[in-house]
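Here you get one chain, nothing else, as structure tokens; it is the form predicted alone.
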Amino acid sequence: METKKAGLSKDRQKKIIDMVSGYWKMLALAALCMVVVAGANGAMALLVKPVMDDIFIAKNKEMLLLIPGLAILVFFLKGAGTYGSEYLMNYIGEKIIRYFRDGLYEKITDLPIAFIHKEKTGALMSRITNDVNIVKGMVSTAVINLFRDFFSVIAFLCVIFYRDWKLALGAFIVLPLAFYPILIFGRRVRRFSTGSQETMADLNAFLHETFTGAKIIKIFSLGNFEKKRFKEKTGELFRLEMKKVVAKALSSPVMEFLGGLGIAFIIWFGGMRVINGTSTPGIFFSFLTAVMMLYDPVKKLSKLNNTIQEGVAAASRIFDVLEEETVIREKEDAVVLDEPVCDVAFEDVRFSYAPDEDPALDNINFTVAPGEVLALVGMSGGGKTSLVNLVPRLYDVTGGRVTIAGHDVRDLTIDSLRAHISIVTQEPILFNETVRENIRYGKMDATDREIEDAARAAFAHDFIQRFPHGYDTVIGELGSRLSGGEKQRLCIARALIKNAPVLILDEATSALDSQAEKVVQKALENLMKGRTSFVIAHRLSTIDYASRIILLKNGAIAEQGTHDELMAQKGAYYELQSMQAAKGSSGAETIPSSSPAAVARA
């Protein structure tokens, strides 16, 4: 997904505004609290005159009792208003952050597998964790300060003009200059914030990859190399963050200096009026207090703008995901598939991963009958995995069609289509839950007895019973506490309990040693009974049971038939068998890849 220009279009701005305005009652109450805070700030400036003129100059004892009481009331109201506004706006911010997180997760989950493969896992995680927190700061903190400072400015302006309108006009000569740094530094903050957010996403992706591949890093003694790469990334992040710090740090001093010019003018001009007898010390100090308090919220607007610019950059990255178009769409009149047995047919299928790429599959025509076991073989990059991915619509064909039970898969509801398909992959995918919950993933309403029966059929029950807590044992991230064979048998139990009529086995035993492979192979035989099965295999010795074998080469069907028929032809399949037999005697059984790029697509 390409990074778009940091900023929010009018449509995106409207979405955020509509989202926030959905809480208008809370916003109105929060605004009322902020008005109370602003009124209290203005009252504090007003109290300076009676303190100065009535208490210190006139020495009025009644005012000595009244003014402190009023001061206590003012500070109480300010505290209550501050609490109310903080609570209400943070509630709104937390609700919006939850909306974004839920929306991002739902969107990423619904997007095609191609999107997941294209994006870095860490970058997607950064959207959900880091970016939404920045948006929360914009929505809650920035809005609180915006309203509070706006109302405070209004209150102080009222005090200023009430006390001395001539002096107030002089103060406004400098005040507009204080807003200029807000615009200049705000643009820089947004630019550097976008860069740091992208770098943070890249850092998250790096961490995910290195933690996942910790074993390889240690075995290949690449710890120092990865440490160096990490330091380079943190160095880039440090550089961008410091540029952002400079832009933020400069904005406040510049505004303070410009504000200081205004204060100096007021002291000179106001002092002249007091000396000339046209004003009193109380009026002057009340006016000066209001002006100094006025410059404070204006100065805060600079920091507020920085927060908004960071939020805009983060919101833009979030909307880039939320607005990502999906190419796997369900028709409005899609049919619900409800067949106990299914045949699968490929009719003139052509498939490319991108419009400008050569086809990964071309002119594919065959039918797999209900209950038939079809083996797909060939060198890596031949198109085996690409082919089976078209059945559950992980990708859509570029040309031709794939049918299941006579229906074009694109005419079916996606949920009903995938409910009829189970898969066991080369790399077992398990979750950091109990054994029971991992098996139940195939059928969420399965009973404990059904789970145990599926485990027995997958030859998993015995080793599960040896765990300290049996079926309630937590297996660790990606099943890290299990051996390869144990993990694969749990995946088979999960596929068994789903009881789908179509089964895809994508090199389900290629990563296992020979002893584990024998046990898993028995479990797979139980799994394939009565099911329309696609079996992708690198080791040809594991597909003797297949009803039919198709050899794919460069995305096309090169040969097909039974094992004996293909061996009799002495073609490509015969050569692969001979190659593996020779390599098997030397302990190597893997088929060479046609190209590095092809391996990624196989």
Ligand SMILES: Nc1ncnc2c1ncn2[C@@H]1O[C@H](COP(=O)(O)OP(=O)(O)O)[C@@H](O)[C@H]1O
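Values in this document were obtained by computation on a predicted structure and should not be read as measured data. Residue indices: 1-based, along the sequence shown.
Omitted here: the form predicted together with this ligand. The next part is about that form.
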**Prompt:** in the predicted bound form, which of 490-498, 82-90, 141-149, 379-387 comes within 4.5 Å of this ligand (heavy atoms)?
**Reply:** 379-387
**Asked** Every residue in 159, 273 and 285 with a non-hydrogen atom within 4.5 Å of this ligand in the predicted bound form?
**Response** no
**Message:** Can you pick out, from 472, 357, 106, 338, the residue that has a heavy atom within 4.5 Å of this ligand in the predicted bound form?
**Reply:** 357
**Prompt:** Out of 441, 431, 99, 353, which one falls within 4.5 Å of this ligand in the predicted bound form, going by heavy atoms?
**Reply:** 353
**Request:** Determine whether any heavy atom of residue 115 comes within 4.5 Å of a heavy atom of this ligand in the predicted bound form, and answer yes or no.
**Result:** no
**Asked** Would residue 395 count as a contact of this ligand in the predicted bound form, using a 4.5 angstroms cut-off between non-hydrogen atoms?
**Response** yes
